[in-house]
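Single chain ahead, by itself, as structure tokens, in the form predicted alone.
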């Protein structure tokens, strides 16, 4: 688990914003290379790595899918004072943005900056109180106007620059844990699978563009055509004043999500395995969509039976997200055990046109 924590810290110190995933892909590639047998990048920028199974060819395959892109900002204007006007990439909570340290990624190199806002009395009266709006925030790089316009271009990306912090009780804080925490789960699962036999092929997938379009998972589904898919993403952990019925405990295991993007019999088999192995899991119910890559992945090609595994995360879509590494460890073990147990009878067990005898 120590290697996984070190990788996770490394992953949450690089950008890789949605649609621009090259920096994070360059961190994941060398981590997965010794754990898999082949690797390639999709035309949309998702990373695909296959670990061969031991069964006779042609083998069925399971795709374990995690998105690697992160939320952030983009430069939309450089004003007469050299301050950068910004827009968001992915969903951001503007309440926590003022005073955050950021990094502006320019062609000439990275520039540190501060997210700032005018004093309240300088704002329009209707915006002077309450949460700040993104339209009033600026990035101050300290550059004079001429230098700012020379070094920064409209369209340059801006990522958070906070460093990872280890908190008490197996907690790790930092930006972009959504969804690099799940990439860590998949990486640890690959390590565990390296020490055991599995009949099916395993596709490890780090998708692009989940925060904006879900198109990375869609195109990967068509390209790989897996027999089954598991989507790993973060879910809302209990935090101050958050409603208990919409959040989940940390250090009590991952969630198994139950809703329209979940194949019911596949879900049941994973739940039964977790119970048999005494791996703690939590039930997360959603009535519409899961908000994950599973939304489109499950309906690619003829349809892919899919389940969603969630890692409880505090303060989602902020620069100070918090994950419990014990939940990463438990989710990794559950996935490795599930893959190891897959055999030639599994697809028959989960047929929806077959009467449930259990």
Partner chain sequence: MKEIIRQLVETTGPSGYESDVRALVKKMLKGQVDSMKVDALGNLITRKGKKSKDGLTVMLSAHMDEIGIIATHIDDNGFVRFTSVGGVFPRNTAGGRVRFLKTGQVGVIGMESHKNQSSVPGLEKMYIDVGASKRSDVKVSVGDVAAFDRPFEDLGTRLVSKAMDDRIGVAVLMEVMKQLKTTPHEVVGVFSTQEEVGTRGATTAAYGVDPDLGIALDVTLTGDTPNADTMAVSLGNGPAIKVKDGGMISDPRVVAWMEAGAKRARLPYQMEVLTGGTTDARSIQMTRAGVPVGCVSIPCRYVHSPSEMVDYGDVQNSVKLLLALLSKPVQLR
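Remember, it's a predicted structure, so these values are computed and weren't measured experimentally. Positions refer to the first chain, counted from 1.
Separately, the form predicted in complex with its partner chain exists; it is not shown, and the next lines address it.
In the predicted complex, its partner chain sits within 4.5 Å of a heavy atom belonging to residue 20.
For the chain shown alone, residue 275 is not a contact residue for its partner chain in the predicted complex, no non-hydrogen atom being within 4.5 angstroms. Although the partner is absent here, residue 88 sits close enough that one of its heavy atoms falls within 4.5 Å of its partner chain in the predicted complex. Shown alone here, residue 83 lies farther than 4.5 Å from its partner chain in the predicted complex, counting heavy atoms only.
By the 4.5 Å heavy atom rule, the three marked residues 59, 198 and 258 all fail to count as contacting its partner chain in the predicted complex. With the partner left out here, its partner chain still marks one of 303-311, 36-44, 323-331, 51-59 in the predicted complex; by a 4.5 Å heavy atom cut-off that stretch is 36-44. With the partner omitted from this view, the residue of 215, 203, 286, 266 that lies near its partner chain in the predicted complex is 215 [heavy atom within 4.5 Å]. With the partner omitted from this view, the residue of 95, 238, 153, 163 that lies near its partner chain in the predicted complex is 153 [heavy atom within 4.5 Å]. Contacts between 94-125 and its partner chain, taken as any heavy atom within 4.5 Å in the predicted complex, involve only 107.
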